[in-house]
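A lone chain, given as structure tokens: the form predicted on its own.
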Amino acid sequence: MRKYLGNKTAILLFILPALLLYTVVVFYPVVQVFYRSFFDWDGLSEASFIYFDNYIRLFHDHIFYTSLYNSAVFAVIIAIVQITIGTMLAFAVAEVAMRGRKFVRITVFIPVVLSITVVCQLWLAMYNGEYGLINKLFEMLGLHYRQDWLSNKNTAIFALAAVNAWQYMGYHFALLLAGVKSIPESYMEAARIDGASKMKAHLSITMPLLGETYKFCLILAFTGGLNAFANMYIMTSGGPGTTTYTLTYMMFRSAFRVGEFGYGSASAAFLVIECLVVTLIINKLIARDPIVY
């Protein structure tokens, strides 16, 4: 093994294909985004260099701040819902005595593999103000709480976040369940011998040992929320007005509807920096030495 690990040529040959793919698919486009953000360009004619004008305009654009707020709300909601419910389901399914564990695993994970378009169309029907399932359930319960969920500026972003949280909750559930399964059973047995309840054992043992898993789930949830686009594009087109705009939707509108590729690139560049900062903060807050069992 040392012979192969010390062979720098062999290491380079194995790394090179992945490095080339990453450079072409990820690194080069990101560099181009930052480069194009300094130009006034419609995507067809010759671009003109305008220094930081796109960024100055961006920070004076009220839609930019609306998009920032919506992205933050969206990210926080899906992170809380997906990780909280995913944790509870993972703890429940990990119990050997629980019946129907296989059914729960399959049922929770099915939305993850569904097309985003299918999921959005399903929830569009459920949110419909006239015949939607959610309003009908309120009627059945005798509650006069009829809402046009996606047309109301006070509920639209929360309704969209609920759709995303529901669809991808199963992904976090699978990650957390794998983390729970990796913890030696002897730890829980020792806690039970000491008289700890299941809840206390999970709070004192399981959850601290899932630190790395939680960190990964938080990064996925927050960066996924900040990058949210498909739900807005399919379900509301950024409306009503601009109340469900996110940075990705703002970037799409600027580049492909208005023809301002330079301004759209500035939005995308800020989004890249924002995701990097959030990832660094999460890594810093949940920094710990890896646990070896």
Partner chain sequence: MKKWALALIAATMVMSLAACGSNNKDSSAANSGEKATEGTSDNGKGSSAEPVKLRIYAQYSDEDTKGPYDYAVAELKKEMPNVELDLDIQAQDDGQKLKTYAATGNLPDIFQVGLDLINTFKKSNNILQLDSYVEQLGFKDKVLPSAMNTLVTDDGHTYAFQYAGNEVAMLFYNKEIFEKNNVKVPTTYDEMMAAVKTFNANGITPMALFAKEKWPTVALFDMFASRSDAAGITKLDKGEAKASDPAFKQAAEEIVKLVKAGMLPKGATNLNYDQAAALFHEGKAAMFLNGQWEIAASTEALGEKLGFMYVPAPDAATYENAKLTFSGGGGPGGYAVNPSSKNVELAAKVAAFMAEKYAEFKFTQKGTPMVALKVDKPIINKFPPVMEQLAADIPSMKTTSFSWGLSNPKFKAAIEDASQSLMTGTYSADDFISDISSAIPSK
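As the structure is a prediction and not an experimental result, all values here were calculated from the model. Residue numbers count along the first chain shown, from 1.
The same protein also exists as the form predicted in complex with the partner chain; that form is not shown, yet it is the one meant from here on.
- Proximity to the partner chain in the predicted complex, taken as a non-hydrogen atom within 4.5 angstroms, holds for one residue of 234, 58, 68, 33, which is 234.
- Only one of the listed residues (93, 108, 83, 150) places a non-hydrogen atom within 4.5 angstroms of the partner chain in the predicted complex, and that residue is 150.
- Residues of just one listed stretch (178-186, 74-82, 124-132, 203-211) have heavy atoms within 4.5 Å of the partner chain in the predicted complex: 124-132.
- The partner chain in the predicted complex comes within 4.5 Å of a heavy atom belonging to residue 14.
- Although the partner is absent from this view, residue 50 stays clear of the partner chain in the predicted complex, with no non-hydrogen atom inside 4.5 angstroms.
- Although the partner is absent here, residue 261 sits close enough that one of its heavy atoms falls within 4.5 Å of the partner chain in the predicted complex.
- In the predicted complex, the partner chain sits beyond 4.5 Å of every heavy atom of residue 26.
- In the predicted complex, 234, 235, 236, 237, 239, 240, 241, 242, 245 are the residues of 233-250 with at least one heavy atom within 4.5 Å of the partner chain, listed from first to last.
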